[in-house]
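The chain below stands alone and is given as structure tokens, in the form predicted on its own.
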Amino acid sequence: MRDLFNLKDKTALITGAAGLLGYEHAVALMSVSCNLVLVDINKSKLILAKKKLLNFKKKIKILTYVVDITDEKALNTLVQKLKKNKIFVEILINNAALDPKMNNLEKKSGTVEKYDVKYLREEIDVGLVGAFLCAKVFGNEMSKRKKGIIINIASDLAILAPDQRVYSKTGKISDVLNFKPIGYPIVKAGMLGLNRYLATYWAHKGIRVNCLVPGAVKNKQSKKLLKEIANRVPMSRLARKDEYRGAIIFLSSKASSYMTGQLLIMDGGRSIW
């Protein structure tokens, strides 16, 4: 069984690697001896992430690159750099996304009527177009070798509408001031279509494509917001940031060898209510 999850000498590229879950995906893969290529647009956070990972003292390669994933030319340049070092990306984790934080419930924002379309375009450009470009560039390389794995990171908001009432003092949507903006759910729902398309497009080339659908993660939210969300989850809590590590290892390894085009939903049961 241990061999099913062993990723020794494999190489995974993670986008948005300096973010909360991007770092956790890196820890997960590192724990099963997978080499890492970490990509993010934030140089300082990327350096910090690598420093923290090196503290684990695992005998793996960790490479970092500051890359804008919406720039196809930059992605192709990265492929060539990796090739020169004889590095082939066998696992791609499309993790990067823009996600507005929802802690200030006093200021009115996020309404559809006042939502500036430039924010929608920015979120789609990073979370959806960026994921497509990474799949296009690295998936093409995988297809030449007839092997590879693509993992798309969605959200429970890809399969559920945001319950805006969690942002209300009274529990009534009519009293909500600070709405979860529409961009993030649109992007994450779009990931599901991308996931299905790529899975069928490249299955005959030995590439598996699956999607992790995580629920909300506890990360400095207000006590009230934590309570409101927890009340809507059968397990009565949000996820810990490290609770998706096992899923990433499963989707990246031989343990999921007969799985493609699927959604792995881990939301504490929120979507079944």
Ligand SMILES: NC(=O)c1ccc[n+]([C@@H]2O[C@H](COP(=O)([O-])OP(=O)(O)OC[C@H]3O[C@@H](n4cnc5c(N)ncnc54)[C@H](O)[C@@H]3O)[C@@H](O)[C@H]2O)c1
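Because the structure is predicted, anything quoted here is derived from the model rather than measured. The first residue of the sequence shown is number 1, and the count goes up from there.
Note that the form predicted in complex with the ligand isn't included here; everything after this is about it.
Participant: Contact between Leu29 and the ligand in the predicted complex at 4.5 Å, heavy atoms?
Facilitator: Leu29: no contact with the ligand in the predicted complex.
Participant: Could you tell me if Asp68 has a non-hydrogen atom within 4.5 Å of the ligand in the predicted complex?
Facilitator: Output for Asp68 is yes: heavy atoms within 4.5 Å of the ligand.
Participant: Quick check on Lys224: any heavy atom within 4.5 Å of the ligand in the predicted complex?
Facilitator: No, Lys224 is distant from the partner.
Participant: Is Ala18 close enough to the ligand in the predicted complex to count, meaning some heavy atom within 4.5 Å?
Facilitator: Taking the distances in the predicted complex, the answer for Ala18 is yes, it comes within 4.5 Å of the ligand.
Participant: Only one of Val176, Leu198, Leu78, Ala97 has a non-hydrogen atom within 4.5 angstroms of the ligand in the predicted complex; which is it?
Facilitator: By the 4.5 Å heavy-atom cutoff, the listed residue in contact is Ala97.
Participant: In the predicted complex, which of the listed residues (Met142, Leu194, Val126, Leu133) lies with a heavy atom within 4.5 Å of the ligand?
Facilitator: Exactly one listed residue reaches within 4.5 Å, namely Val126.
Participant: Would you mind picking out the stretch of 55 to 63, 201 to 209, 42 to 50, 29 to 37 that comes within 4.5 angstroms of the ligand in the predicted complex, counting non-hydrogen atoms?
Facilitator: Of the options given, it is 42 to 50.
Participant: Given the ligand in the predicted complex, answer whether the residues Ile153, Tyr184 and Pro214 all have a heavy atom inside 4.5 Å of it.
Facilitator: Verified in the predicted complex; spot residues all in contact, yes.
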